[in-house]
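As structure tokens, one chain now follows by itself in the form predicted on its own.
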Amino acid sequence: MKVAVFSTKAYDRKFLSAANSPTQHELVFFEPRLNRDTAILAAGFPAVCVFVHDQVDAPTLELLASRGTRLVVLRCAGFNNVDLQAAADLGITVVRVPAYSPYGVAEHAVGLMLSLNRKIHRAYNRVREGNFSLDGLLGFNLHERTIGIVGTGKIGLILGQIMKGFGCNLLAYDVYRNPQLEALGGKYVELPELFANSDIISLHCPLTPETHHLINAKAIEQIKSGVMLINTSRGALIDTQAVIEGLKSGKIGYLGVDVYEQESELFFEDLSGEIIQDDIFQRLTTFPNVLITGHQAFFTAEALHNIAETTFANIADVEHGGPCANEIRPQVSA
């Protein structure tokens, strides 16, 4: 099958080409993101392969369909950037990679926690400048602290397993309880109770209309003062302006994020020689108790291998006319 692959970097080409070797699909790599302007590049391609910041909205899908595309292959788990109803109406199949880096993302979340708590990023810079003072670097033991995990799928469960190893108490919230987390001693509670009793809150839920701005001004009023907030899921789970106010007041003591609500204009690109125009993001970078990484939690060799392998397995399922376990369809309202 001829596949137009958008939003590609050198590492994408490396892992996708290796995984494609046995199947020999015709891959054409495009560095630009897919959107209404770049959809013309996919003319004549039965399939397009896209990533988290590609714009797969109704107008883009209409352009793709009019030029022969019948398959959208997401090489990521999230699909909030895809208009599933429009795809279904146009006869376009949408498939994804549901779980490719659960350990990588959970481990990155823990890395953010440790770095923020023990000020490792600040200590690194001090030592390089010959400053060995410990003033301002005081941390706390994770042992016996309470970790609130919002979303207890594969990533949330793995985070719970890791934090249990540190001797932490586990609180959890999810619309579906995970018996494996309960077996670890995790206690499911409603969000207000989780917010009020957690020393660290880590977000691992998908972005849906219900979870949009899950952390907002009202939620921040409910949290324990000085809480550490970690987000390695989707940027729009957090109302960034409200979080800035929480940081200024001291209600939020630490913030570690690998995602950002407006990240599509920033992440995955080298902007070191440019003036960043996003004033809210720039304000975040001024806080000494904020640590930001650029959507790299998933970025392990194992993850890229899994993404590539699953991507071509999905294509094979659709190409051969069989059912694909990773197909996603619009939800039917009751």
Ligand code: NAD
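All residue numbers are counted from 1 along the displayed sequence. Every value quoted in this text rests on a predicted model; they were computed, and no experiment measured them.
One more form of this protein should be noted, the form predicted together with this ligand, which is absent from this view; the next part is about it.
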*Which residue among Asp258, Asp83, Asp239, Asp199 has a heavy atom within 4.5 angstroms of this ligand in the model of the complex?*
Asp258
*Select from the listed residues Arg145, Lys164, Lys154, His213 the one whose heavy atoms reach within 4.5 Å of this ligand in the model of the complex.*
Lys154
*With the partner left out of view, is Tyr173 within 4.5 angstroms of this ligand in the model of the complex by any non-hydrogen atom?*
yes
*Within a 4.5 Å heavy atom cut-off, is Val105 in contact with this ligand in the model of the complex?*
yes
*Does the 4.5 Å heavy atom contact test between His204 and this ligand in the model of the complex come out positive?*
yes
*Would Leu291 count as a contact of this ligand in the model of the complex, using a 4.5 angstroms cut-off between non-hydrogen atoms?*
no
*this ligand isn't shown here, but in the model of the complex, which of 248 to 256, 115 to 123, 229 to 237, 130 to 138 has heavy atoms within 4.5 Å of it?*
229 to 237
*asked:* Under the 4.5 Å heavy atom criterion, name the residues of 11 to 39 that approach this ligand in the model of the complex, in sequence order.
replied: none
